[in-house]
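Only one chain is shown below, in structure tokens, and it's the form predicted alone.
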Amino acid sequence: MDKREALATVLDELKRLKKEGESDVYLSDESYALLGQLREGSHFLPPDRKALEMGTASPRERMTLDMVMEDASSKQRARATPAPANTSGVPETRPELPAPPVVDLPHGDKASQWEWLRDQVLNNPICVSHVKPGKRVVFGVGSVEAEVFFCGEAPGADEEVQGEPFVGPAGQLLTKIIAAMGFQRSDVYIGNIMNWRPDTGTGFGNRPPTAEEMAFCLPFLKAQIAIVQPKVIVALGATAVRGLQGLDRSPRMGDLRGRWQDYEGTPLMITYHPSYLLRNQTKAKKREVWEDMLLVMEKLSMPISEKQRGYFQ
């Protein structure tokens, strides 16, 4: 796949984000490098990435979707030529998945059930077949005695390397949120809707899982929840909500976050994915997520200090 095709893929993803109401975008290193090639002869200048991640970028340095899409679209039109034949080896359509697996947990304590399930997932032939060479199937981590189960969406580039959910920039932010609540990462449980990184066909970037992909992996996630038996589940992002609630399409997070829902008898709190905060680094958005975590802490009858109640106000 050449740079023109890769740029078109990135542009399509930006259009999708804009349609969903996003105004700022957090780019993977691969996408950032690709868009950085637009610098020559363009008013678009990629800002310092560290400044973006730390929230210290100036307004001029903020990367807005409109700005990125305007430059990407103009460059793409200027270089438009008939599309070459597909020689990348990536199929034009994704192969169909088999029916979702039936997971019958064996008798035993939580630890032994978790070990059995982990072995089943890491060696599942379908999961393994969707992982690129040198990458790994991703399974949940944390305490099987956890009171809080954080449910994410799908692994990214960092996660498929380490085989653990939430270890990239979004994961580092989640770890800080967990610490602010008074937990250590090892005190909670962290799982994902998906056990492999959905293929974009380009070798870089991320995409939401399809309904078929989620359906295949959901029995593994539900089995983890059945083992842990948490007091509260926190759904991080629209994909997690869609999978846990069995929705046909991604919901509007602004309409759902901060309100208690139910997952098979367990209280379910819906909040933004940490990657959303990386794209929208405003005090108001951080406060919204923190208010959701305060509700979780109250549900668990955890002590909350005045300092904690005042975060991001």
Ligand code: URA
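As the structure is a computational prediction, the values presented were derived from the model and not from experiment. In case it trips you up, residue 1 is the first one in the sequence shown, and so on.
Note that the form predicted together with uracil isn't included here; everything after this is about it.
**Contact test in the predicted complex: residue 230 vs uracil, heavy atoms, 4.5 Å** = No, no contact at 4.5 Å.
**Asked** Is residue 156 a contact residue for uracil in the predicted complex, using a 4.5 Å heavy atom cut-off?
**Response** Residue 156 belongs to the contact set for uracil.
**Asked** Does the 4.5 Å heavy atom contact test between residue 196 and uracil in the predicted complex come out positive?
**Response** Residue 196 lies outside the contact set for uracil.
**Message:** Please determine whether residue 140 contacts uracil in the predicted complex, using a 4.5 Å cut-off between heavy atoms.
**Reply:** So residue 140 does not count as contacting uracil.
**Message:** Quick check for you: of 98-106, 163-171, 215-223, 113-121, which stretch puts a non-hydrogen atom within 4.5 Å of uracil in the predicted complex?
**Reply:** Stretch with heavy atoms near the partner: 163-171.
**Request:** Let me know which residues along 217-242 have a heavy atom within 4.5 Å of uracil in the predicted complex, or say none if there are none.
**Result:** Residues within 4.5 Å: none.
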